[in-house]
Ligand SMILES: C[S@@+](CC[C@H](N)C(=O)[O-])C[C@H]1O[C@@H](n2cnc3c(N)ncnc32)[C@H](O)[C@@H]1O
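Below you will find one chain, with nothing else, as structure tokens; this is the form predicted on its own, and questions on how it binds or moves follow later.
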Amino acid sequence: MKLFNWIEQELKPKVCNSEEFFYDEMESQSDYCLPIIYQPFDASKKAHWRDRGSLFDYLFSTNGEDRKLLDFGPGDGWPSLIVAPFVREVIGIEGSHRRINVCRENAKHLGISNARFIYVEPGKSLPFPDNTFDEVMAASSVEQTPDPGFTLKELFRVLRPGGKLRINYEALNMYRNGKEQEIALDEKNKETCRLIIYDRNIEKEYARMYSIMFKKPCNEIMNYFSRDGNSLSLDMLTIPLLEKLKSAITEARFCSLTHPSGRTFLLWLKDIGFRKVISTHSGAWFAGQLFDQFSEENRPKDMDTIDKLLKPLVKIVVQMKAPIGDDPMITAVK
């Protein structure tokens, strides 16, 4: 694409991993929306029901109760910090120093003492002996690493025989039919913002991302890339416009990630040596479906009642096979 060639030649973007590109930049990876970690639980919010569904998903799909768990890529401390009260120990592995600090601060704020967070350079071997962990959780994190295949081999290595790996992954299929290429604005401060360009190839299972930093307020940059002043338009992103704005560009970055499909994940996990690999429904999906079945008047009003409702049902749901990619969760047994 000519636009990308222009960015490469004229802006010479710095090649980054996903931590440098995204996660070191974020004060909160979740935009402070996580219940328990950032917000009091609110039974009227579907997202909060889904979060409780995720909790029981990771507990029951990994047999995590009273065990030592590895959380690969916890971000703001999720799901480590919601799972921790139900297990013996959780160790979270992060490739971003900033995310490690956020996880530790959130654990301290919540008074959680059985969750530890360790920095590991992206793409490097995990600092644990073979067969260290009873179970492993990986929530939309494996595909964020420089080499997802190597990451899966490391997770297999540190998992004990009979232990389970539970993976949630970002399926690029969700961007099909119009969202393969998108742009977004990220305000850094009142005088600086960056434009992020997404180029996703669903068939070849990769995503390329460019970011361009402007020494201009976000609302001013929005006017250049929007037809109505409210929403960004990809067709407004042209070489002549970037040439016009070049004097305001202070930095450019590039990141390329492999995004395995569900089928590719299943093949890799089997080849690595997992003896059983299945695609299942997720506890979060089920909790959201259950939320929709209640009228506002009849919906349970507190977390304890919702937990009692969800717990036995999610235990069944996470064992139910699901079409690959429809509900992107995988359980692999070593």
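Quick caveat, the model's predicted, so the values are computed rather than measured. Residue numbers run from 1 along the displayed sequence.
This next part talks about the form predicted together with this ligand, which is not shown.
Partner proximity in the predicted complex, defined as non-hydrogen atoms within 4.5 angstroms of this ligand, places exactly one of 179-187, 217-225, 121-129, 82-90 at the interface: 121-129. Site annotation in the predicted complex: the residue of Y210, F117, F133, F72 reaching within 4.5 Å of this ligand with a heavy atom is F72. In the predicted complex, this ligand lies within 4.5 Å of some heavy atom of A139. In the predicted complex, Y169 stays away from this ligand, with no heavy atom inside 4.5 Å. In the predicted complex, F21 stays away from this ligand, with no heavy atom inside 4.5 Å.
Contact check for R99: a non-hydrogen atom falls within 4.5 Å of this ligand in the predicted complex.
Looking at this ligand in the predicted complex, residues W268, T280 and G325 place no heavy atom within 4.5 Å of it. Annotation for 141-157: interface residues with this ligand in the predicted complex are S141, Q144, T145, P146 [heavy atom within 4.5 Å].
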